[in-house]
Structures are given as structure tokens and as C-alpha cells.
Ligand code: HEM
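Read the single chain below, which is given as C-alpha cells and is the form predicted alone.
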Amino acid sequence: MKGIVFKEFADMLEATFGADMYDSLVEACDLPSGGVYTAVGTYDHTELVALVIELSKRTGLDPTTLVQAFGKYLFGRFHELFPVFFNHDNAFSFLESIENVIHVEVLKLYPEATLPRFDSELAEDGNTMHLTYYSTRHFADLAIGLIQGAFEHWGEEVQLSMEDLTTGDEQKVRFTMVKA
């Protein structure tokens, strides 16, 4: 997983809980990286999992809730850092661009990146979208937060449901989104 994700998680923790919380989480988790991340570095995603689990223990918040909140936060940060990818009229248009535009550009910069895959399907009426997430990292909750961040960004109300279709090592989740 690219270091930018870890750096943004650390920044969110520091802004929400203070720098001491992040430092104590890193110490408690005994991470191979030592909790020091560069934006362009690549790190094992299990370090982020360890940090979330430890944060959950300390705050009493469910790991799913924490990861989804981080996804929303990360959407906002990506919008600030990479505004060129957000020139869309609505969230569905943006979500359709993830696999064939955004991830293509990310791989040009970071060919070693292992990105999740997204298949999108927009209904003819334009009010329903199916987005299928595939990843060996099992971070569908992060994807949910990012998706929710997109709808908040474009001020759209959408009913979001999730169907877990995982059968092997790769997580497969189908999100169905219906405009309200």
C-alpha cells in the first residue's frame, strides 16, 4: 500500500486525537516500518490494520466505523491533493472514472502499486450504479468511506448497499447506489 495512505491516516489521527495518540499506537503496534512513512514508499497494509485495531481498543469505536471515517477523510484529502481527477458533474461520473482514468494515471507514476480493481455499471436511467470492488487487502470499508465522501462532495443523497461476494482470497464486494 502506498505511503500516502499511511501518512494521511497519521495526519487524521493527529488532528482528531492528538500526536501523542498516534505515537502511542505506533509504539504499541511495533510496526516493521516504525510508523515512519514516505508518500511514495510502499508498505504492508497489515500495518494500517494493526493501527486501526489498536485505535479501536483505545477509543471503543468499531474498526469498521474507523476505516469508513478514514475513507471519507481520505476522499477530501485526495480532492485537495489531486484536483484534476475531480472535474466531474456528479459522483457517479467520478466513480466511473476510478478504474480507467485515475488508476491508470496512478500506475504511470507508481508502476509497482497494487491497486484495488473497480468495475462500474450505470443503469440507463442514470439513477442506479453498481460498483464492484476487488482486492486482496479486504478494505471494502475504506472504499465505502471514499464513496460516501464522493456523494458528500457533490451534495448527492444516495442509498448505498453492499453485497459481499467474496469466495476466496480476493475480496469482492458489489456496491449498489440509488439516487434518492
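Position 1 is the first residue in the sequence shown; the rest follow in order. This is a predicted model, so every value here is computed, not measured.
Omitted here: the form predicted together with this ligand. The next part is about that form.
Colleague: Among the candidate stretches 122 to 130, 54 to 62, 107 to 115, 23 to 31, which one is within 4.5 Å of this ligand in the model of the complex when only heavy atoms are counted?
Modeller: Single hit among the candidates: 107 to 115.
Colleague: Quick one: is residue 103 in contact with this ligand in the model of the complex, heavy atoms, 4.5 Å cut-off?
Modeller: Yes.
Colleague: Contact with this ligand in the model of the complex for residue 153, defined as at least one heavy atom pair within 4.5 Å: yes or no?
Modeller: Close contact is absent here: in the model of the complex, residue 153 is far from this ligand, nothing within 4.5 Å, heavy atoms only.
Colleague: Would residue 139 count as a contact of this ligand in the model of the complex, using a 4.5 angstroms cut-off between non-hydrogen atoms?
Modeller: Residue 139: contacts this ligand in the model of the complex.
Colleague: Look up in the model of the complex whether residue 94 has a non-hydrogen atom within 4.5 angstroms of this ligand, and give yes or no.
Modeller: Answer yes; at least one heavy atom of residue 94 falls within 4.5 Å of this ligand in the model of the complex.
Colleague: If the criterion is a non-hydrogen atom within 4.5 angstroms, does every one of 66, 160 and 162 touch this ligand in the model of the complex?
Modeller: Zero of three within 4.5 Å in the model of the complex.
Colleague: If you apply a 4.5 angstroms heavy atom cut-off, which residues in 1 to 19 are near this ligand in the model of the complex?
Modeller: Those in contact are 1, 2, 4, 5.
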